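Starting off, we have a lone chain in the form predicted on its own, written out as structure tokens.
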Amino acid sequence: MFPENKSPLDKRRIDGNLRLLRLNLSDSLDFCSNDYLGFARSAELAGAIEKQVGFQKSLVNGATGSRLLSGNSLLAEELEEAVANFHKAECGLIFNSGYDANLGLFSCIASRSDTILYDELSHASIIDGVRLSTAHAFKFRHNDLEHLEALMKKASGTIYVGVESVYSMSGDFSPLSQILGLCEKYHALLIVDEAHATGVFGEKGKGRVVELGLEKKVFARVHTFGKALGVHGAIILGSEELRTFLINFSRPFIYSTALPPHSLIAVQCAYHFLNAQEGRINMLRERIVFFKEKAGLLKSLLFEESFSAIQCVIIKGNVKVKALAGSIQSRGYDVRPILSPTVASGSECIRICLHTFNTFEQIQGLLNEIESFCL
């Protein structure tokens, strides 16, 4: 089946980067999940969802079909309108996941004569969407405005630029204002994935685009519900024309069974909860500041420059970074190694996610364990 009797799995085993499923370390301190605000573990939010579901006596258990068949509902359309209003957008269209949203958007938005330019550290969902597109596509060096402009000068047709406002692996920001300046100069359309900014940045967690006052200038935004909001699904925000276009041409939307009513109610409750829980955002920011202050004292370690809840310490090599992760896990801290090829060789790291429920003592303890191992 495979040449020389060596399968792709064999190669991964030899290289030390075979992916395996593992159970969550429920008795360990969570420093790996995307539950930045603690919503996924909130008994209060769970109770609100259960109560709201109880009010909806006519609900069916499943969506029963795609939105274009039997799966559409007033609940879905009202939620789209409410979420769009919250994030200061004209319209929104809900997708089953952030992956589906990016795949569905990037695969259909550009025609054969157009060009998509995307940051080299873009999430796999963006990259996969670009690969399915018929447009010309080129990646630019991470946050490199000069490289992006050089590609813009050569681009044909309508130019689409894809970035993340907060990058999922490194946690650093995209220079959105400067990129938008280039987009205006070259009449390009900017698409921003706000997955790791949703609920964390901007007034009441409205995202980096709103925080920077760019909501009227960005062509499309993707907000996911499965990270800081603690539930599931995603939404693409933009104009009414974009929404109509996606309904007609986005295959993941057209051919997927819609989210069930329970999931829509969960998203609805999560946004209500977010609107009333701005104190949690401030708690998270305090922990980010504390982490950076203490990490800055560890001169022997290399940390990514990040002001988000995602913090990374670079430990080059899959073997070494897995050994560090194993050592830290044995001490009761649930962290995960990020291996190549998920990141470039030489950029392997321990990815640390901070949460409102992590105490300052726990954060200091984690840093102590990392320093102790690396001495």
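Throughout, we count residues from 1 along the sequence that is shown. All values derive from a computational prediction rather than experimental measurement.
Missing here is the form predicted in complex with a small molecule; even so, the following discussion is about that form.
Visitor: Out of 98, 162, 199, 129, which one falls within 4.5 Å of the small molecule in the model of the complex, going by heavy atoms?
Guide: Contact residue from the list: 98.
Visitor: Quick one: from 174, 250, 125, 277, grab the residue that has a heavy atom within 4.5 Å of the small molecule in the model of the complex.
Guide: Checking each option against the small molecule in the model of the complex, the one that comes within 4.5 Å is 125.
Visitor: Verify the contact flag for residue 263: yes if a non-hydrogen atom of it lies within 4.5 Å of a non-hydrogen atom of the small molecule in the model of the complex, no if not.
Guide: No, residue 263 is distant from the partner.
Visitor: May I ask you to check whether residue 227 falls inside a 4.5 Å heavy atom distance of the small molecule in the model of the complex?
Guide: Yes, residue 227 sits close enough to the small molecule in the model of the complex that at least one of its heavy atoms falls within 4.5 Å.
Visitor: I'd like to know if residue 168 sits close to the small molecule in the model of the complex, meaning any non-hydrogen atom pair within 4.5 angstroms.
Guide: Looking in the model of the complex, residue contacts with the small molecule include residue 168, since a heavy atom lies within 4.5 Å.
Visitor: Going by a heavy atom distance of 4.5 Å, is residue 92 a contact of the small molecule in the model of the complex?
Guide: Outside the cut-off, so no.
Visitor: Picking from 188-196, 237-245, 175-183, 143-151, which part of the chain touches the small molecule in the model of the complex when contact means heavy atoms within 4.5 Å?
Guide: Single hit among the candidates: 188-196.
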